[in-house]
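So this first bit is one chain, no partners, the form predicted alone, shown in structure tokens.
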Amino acid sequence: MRRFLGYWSWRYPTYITYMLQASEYKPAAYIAWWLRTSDFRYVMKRRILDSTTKATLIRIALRLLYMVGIFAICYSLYVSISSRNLAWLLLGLLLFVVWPLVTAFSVLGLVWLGEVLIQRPKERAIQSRAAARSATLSARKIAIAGSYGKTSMKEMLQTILSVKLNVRATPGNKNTLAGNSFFIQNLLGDEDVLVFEFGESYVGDIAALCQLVQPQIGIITGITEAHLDTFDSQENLVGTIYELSDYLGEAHVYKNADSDYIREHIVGHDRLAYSHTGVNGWTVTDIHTSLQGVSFIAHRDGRSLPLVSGLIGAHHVGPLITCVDIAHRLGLNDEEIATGVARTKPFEHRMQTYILHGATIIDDTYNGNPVGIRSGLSVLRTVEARRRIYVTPGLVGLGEKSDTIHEAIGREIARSADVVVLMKNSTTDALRRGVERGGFKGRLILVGEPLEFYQNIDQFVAAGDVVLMQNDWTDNYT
């Protein structure tokens, strides 16, 4: 009954347009979401429809189609009543049942036509112009790839290099061909350094971005199990990210040796393989961490450089020392480097702390990968707290490895927290199994309404608590 109420809500065209947009216009993801939805009136919980031109046109077309269906149903019922014709009544009832399906699935044809006739030709033209523009830019271009840590590395580089240089970086998570193309088109041309974030969803994505941007320096921030629902295998994911090395050559790409999948691919002594111990002649000692940040000493050529960052967690040391080396290569002196590192601080929703009723909240809700989860848990495990509280819905995009990975994460949670809050969804059973098998003796809470929990978290915490919130599912995964 609730499903039919959602079908015949006047906002049904808006709901399915939102579902398409939130699924990034990917048919398989949209169809899977549509099929599992029991009440379409509640699909927009965390966000609302972004009224882009594309979404607006789709919504208008769907509403017109929807109105045609309503008119056809009303006409059939009118004729059946006035003529007492059973066939017209059955037609009206049939339309009542199937027209919402017609509306929901015909939209895929509209999207396909729009992409073939309008979007793809337009994007190819924009990308061609952007590639030509990129070739004329005199700035040093740095490309960042990896299945985690890209945005943080980008923000660190921009913060540190900006002490001396004119630096521009791709905004937010605009890491696709379209996002990078628009960024290039809007550059003034007087920049010293450009920092690009490269996203990957399919084999060939990084190679295409390299052809667009034509970078001179590359960074691979780490590889873990991610996007396995689109890559099909870990080997395809690794190969795609290493398209950056294929383009630039190994000698021009920094690689995170703290990442297991990258360490396996490092051959011999690679000076640009970075870790928490150093990179390219820099060595790191005296690492200290707290909820106020991380400090360490960088050594090179007989000199020592004390560095203090507002970033939380020892896992930031490797990326920071990489930024130090790049800054040194680009002409910053030690004082400028130290100033830049001191300016780095937690980025929005990435190990970002704030105080609530005397409790420390660590907002890591943009963290959506196993390595980041374990790094956050390592921080939680070491802090002094009245209660260590851990909150998560789990991870998405892990394919057939999801249960195994979530059970392992559950074991990590068991030894890191006193209170565990799990959001009910498809990962809950595996997480709970891991927590229990990890010998957890604390309090385990299952939450059915995540938004309600987050909105009322002030009633859940007390002074002295430390709360780590990791990852957050968008509506299409709930």
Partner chain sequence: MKKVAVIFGGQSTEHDISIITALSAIIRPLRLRKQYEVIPVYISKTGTWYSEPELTDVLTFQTSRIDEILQKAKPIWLEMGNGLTLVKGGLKTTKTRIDIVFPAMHGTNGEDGALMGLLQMSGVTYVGCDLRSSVIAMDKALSKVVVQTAGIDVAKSIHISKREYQKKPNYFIDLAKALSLPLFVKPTHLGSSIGISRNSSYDELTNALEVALHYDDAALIEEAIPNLIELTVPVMGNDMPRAGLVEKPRTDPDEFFDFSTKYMNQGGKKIGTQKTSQGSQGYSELPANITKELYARAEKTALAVYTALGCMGTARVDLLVDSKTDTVYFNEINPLPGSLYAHNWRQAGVAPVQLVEELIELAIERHAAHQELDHSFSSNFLRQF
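Everything quoted here is computed from the prediction, not taken from an experiment. Numbering follows the first chain given and starts at 1.
Unshown form predicted in complex with its partner chain; subsequent notes refer to it.
- For the candidate set 70, 60, 445, 32, a heavy atom within 4.5 Å of its partner chain in the predicted bound form is found for exactly one residue, namely 445.
- When you look in the predicted bound form, the only residue of 357, 263, 122, 129 with a non-hydrogen atom within 4.5 Å of its partner chain is 357.
- Partner contact region in the predicted bound form: 386 to 394, out of 102 to 110, 308 to 316, 150 to 158, 386 to 394, criterion any non-hydrogen atom within 4.5 Å of its partner chain.
- Contact check for residue 25: every heavy atom lies farther than 4.5 Å from its partner chain in the predicted bound form.
- In the predicted bound form, its partner chain sits beyond 4.5 Å of every heavy atom of residue 19.
- Its partner chain in the predicted bound form is approached by residue 461, whose closest heavy atom lies within 4.5 angstroms of it.
- Using a 4.5 angstroms threshold between heavy atoms, residue 452 counts as touching its partner chain in the predicted bound form.
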